[in-house]
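Before any questions on how it binds or moves, here is one chain, the form predicted alone, in structure tokens.
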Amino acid sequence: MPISLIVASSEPHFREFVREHLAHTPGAKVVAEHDEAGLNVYVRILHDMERNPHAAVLLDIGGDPEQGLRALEHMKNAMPGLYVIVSEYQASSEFLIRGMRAGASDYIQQPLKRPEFRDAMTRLEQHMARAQQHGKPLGKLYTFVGAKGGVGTTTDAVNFAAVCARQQKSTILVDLDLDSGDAASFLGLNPQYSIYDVVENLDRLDQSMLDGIASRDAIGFSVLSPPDDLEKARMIRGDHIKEIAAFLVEKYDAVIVDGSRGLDEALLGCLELSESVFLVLTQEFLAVRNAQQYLAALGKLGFSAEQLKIVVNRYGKGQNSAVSMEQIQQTLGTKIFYAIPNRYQDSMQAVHQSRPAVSYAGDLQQAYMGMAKKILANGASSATPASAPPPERKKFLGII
């Protein structure tokens, strides 16, 4: 965030010095000036702050230190978080202590000198960066994992990312299937860089560098893909993923992970930071059995029932349903969070056009929008009636 400064000084040379030297700092500017720094100047400065809420104040109290300190106290009483740099001729320890007690954030001795002024502006920039970091809430990380291959994990992750982006949330989709990730292909993207390039630059990673590495979908979300080279994929460790995930939740509102099926080190590094883990399955015997084992493994690792949510893809009743929804709930010992209907034609249209299903009107669009609404609302954890008690865990057709 660039520097915005309100300057109050009765000395024209003081104000000129500040303007001249701020001109050499990119984006920095004086947003208001006052040609006196008496007791009542604080009223005008507070009015300035209404128009420039992120500004700092440079207060020259050299003409009357006592009045200046009282004006400073009034300002800080009205706006405790206001950053005020006090400037005066004396620099005794007693005066500096009085200034600190009155609420001074920094001090520059007069006459002003370029190195001291530059250092004060550097400290102001550092303060602004910290305040911006602490003032912004962390984003949320959502991980989708599949009970088996081919159940639609990537489809769910891609469509959830698309809905988040359409709701004006800064969003990034991380394809963590390091062996055969295809989220970019689902979107018609041809990434030049990958997660491996992020790992290689972790010590100097910033938003600008990440923007250069990640691909960008037309809807407005970023995509971070696995490397094409399997040798590079094997070099990505769990601690790398955890560090990347921690960085991403500081920069994005929604971080969505398309997880690989196995509970490997890389995936576990993400799961630890996840707001919710969505276990995706279909109404197949094998998918339900694997989901049962998956939930048991995650439970042993300390994941709570509130974190783990079941999403059933290609939901259908009757003829094509090997396992009913009731059987799934009984087997897994938990309620189903959401079910996506089986709409083959809509799915194929999205695949052929390399676009998320939410790009096309229809049942799938409504289903994914409904799922996203429920996730983001962090509401009830089941699509079944809330009054129904969770069924006991039991054997499912002889499968434990």
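Start at 1 with the first residue shown and count on from there. These figures come from a predicted structure and were not determined experimentally.
The form predicted in complex with a small molecule is left out here; the points below concern that form.
Proximity to the small molecule in the model of the complex, taken as a non-hydrogen atom within 4.5 angstroms, holds for one residue of L364, M371, A55, L332, which is L364. For the candidate set G139, P191, G152, G99, a heavy atom within 4.5 Å of the small molecule in the model of the complex is found for exactly one residue, namely G152. The closest non-hydrogen atom of G38 lies beyond 4.5 Å of the small molecule in the model of the complex. Contact between R314 and the small molecule in the model of the complex is found at the 4.5 Å heavy atom cutoff. Remark: R355 does not count among the residues lining the small molecule in the model of the complex, judged by a heavy atom distance of 4.5 Å or less.
Within this chain, D177 lines the site of the small molecule in the model of the complex, having a heavy atom no more than 4.5 Å away. The stretch in contact with the small molecule in the model of the complex, judged by heavy atoms within 4.5 Å, is 142 to 150, chosen from 142 to 150, 118 to 126, 291 to 299, 241 to 249.
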